[in-house]
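Shown here is one chain on its own, the form predicted alone, set out as structure tokens.
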């Protein structure tokens, strides 16, 4: 009897394969489903069931493609009109080898959220593990804002009941497997534990320390999360069923001349996935800088599902393959190609490049003390901003910059910072596209500013 966790970097998504007696079930599979098929084949397993914990909003679910190839049935919550699969209700039973799996309706994150408890009847009726989806994580609980502010009270009330009346009573020793880990947008403070126990969470999860239901509700209502534009498309795909490619595309190499023709006439979006230090030195004018492992988190703020995408990366298959998989999991299939030979091929063809200036924290401190006319822009999220920021800074979240009309003079010097310099490099590339020329990225961001002993307010 085994449980295997499949982790998807970037979106911090956890899916699971549970197996017993030559049979298996998969919980919340991702779109690039080859990893599940490989595991089934290598271990000679028959896939009986595919379970979904809820309609996911941060990635495309892979249930239909996996079902098509294996014949496994798909099961999810019955409180939403899915156009595929089967609805489940409280205590519906499924058997995988020696495992008995019972569905538990646990609304809160969404109305149709379902958890799955697992026992081994031949040994005991005691529950040994629970798959909790986005209801409860290691160190956190799921966000309750996806339907809008008017539903926060209702959802947080249901979440309390689901956690305290259905999940925690399963027992302190129950092993808990959540659908996301640290870094996911589906929670605010998920920790890095791969799995946990209900007893540990009951004692240590800050969200579970509320002494009353009203206190829990108030805590949840006051949370602040960002709603990325691509979420809406994911919700449509995962409700209606997604009928795009079953495997990640293989984008062709494009010469600088081919990219110039496509990009300069406005028919594509150019995403440069190199590190900020390399991007700042030289990049194609008008390109966005989203560092490679930031692509799952920030691609959805920049790229429309109607866009044709061209990728600039380090010259190598590994980096390109990762970028394509990251975009594929978010439903982006229109990847036109990548720059053959990397940025070097571009400037060796005598095509124009652009750069972004950088500042050290000491440089910025000196400019502030010299009363230089600066606009300091903090592009971190709300929680980071409230923990401390540079005096005089303006706060605009990086994801909002693309759609925000800025009331900044174009001849003014703008210094952009985040925690380390990665998000601020994306922000700087957006400002460059908006025709701001005097843009600086703060190297090391607020992390180095703090280490230098400079003031935060």
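Source: prediction; values computed, not measured. Positions refer to the first chain, counted from 1.
This protein has a second form, the form predicted together with a further copy of the same chain, left out of what is shown; the following refers to that one.
Visitor: Would a further copy of the same chain in the predicted complex be within 4.5 angstroms of a non-hydrogen atom of every residue among 35, 78 and 266?
Guide: Answer is no for this spot.
Visitor: Quick one: is residue 148 in contact with a further copy of the same chain in the predicted complex, heavy atoms, 4.5 Å cut-off?
Guide: Outside the cut-off, so no.
Visitor: Please run the contact check for residue 304 against a further copy of the same chain in the predicted complex: heavy atoms, 4.5 angstroms, yes or no?
Guide: No, residue 304 is distant from the partner.
Visitor: Using 4.5 Å between non-hydrogen atoms, is residue 95 touching a further copy of the same chain in the predicted complex?
Guide: No, residue 95 sits far enough from a further copy of the same chain in the predicted complex that none of its heavy atoms falls within 4.5 Å.
Visitor: Residue 298 versus a further copy of the same chain, in the predicted complex: is there a non-hydrogen atom within 4.5 Å?
Guide: Outside the cut-off, so no.
Visitor: Out of the stretches listed (379-387, 343-351, 83-91, 325-333), which one is close to a further copy of the same chain in the predicted complex, meaning heavy atoms within 4.5 Å?
Guide: Heavy-atom contact with the partner occurs in 343-351.
Visitor: Exactly one residue in 193, 219, 239, 168 has a non-hydrogen atom within 4.5 Å of a further copy of the same chain in the predicted complex; which is it?
Guide: Residue within 4.5 Å of the partner: 193.
Visitor: Given that a further copy of the same chain is left out here, which of 161, 235, 111, 278 has a heavy atom within 4.5 Å of it in the predicted complex?
Guide: So the residue touching a further copy of the same chain in the predicted complex, by this definition, is 278.
Visitor: What residues of 156-176, in sequence order, lie within 4.5 Å of a further copy of the same chain in the predicted complex by heavy atom?
Guide: The stretch 156-176, when checked against a further copy of the same chain in the predicted complex, contributes 172, 173, 175 at the 4.5 Å heavy-atom cut-off.
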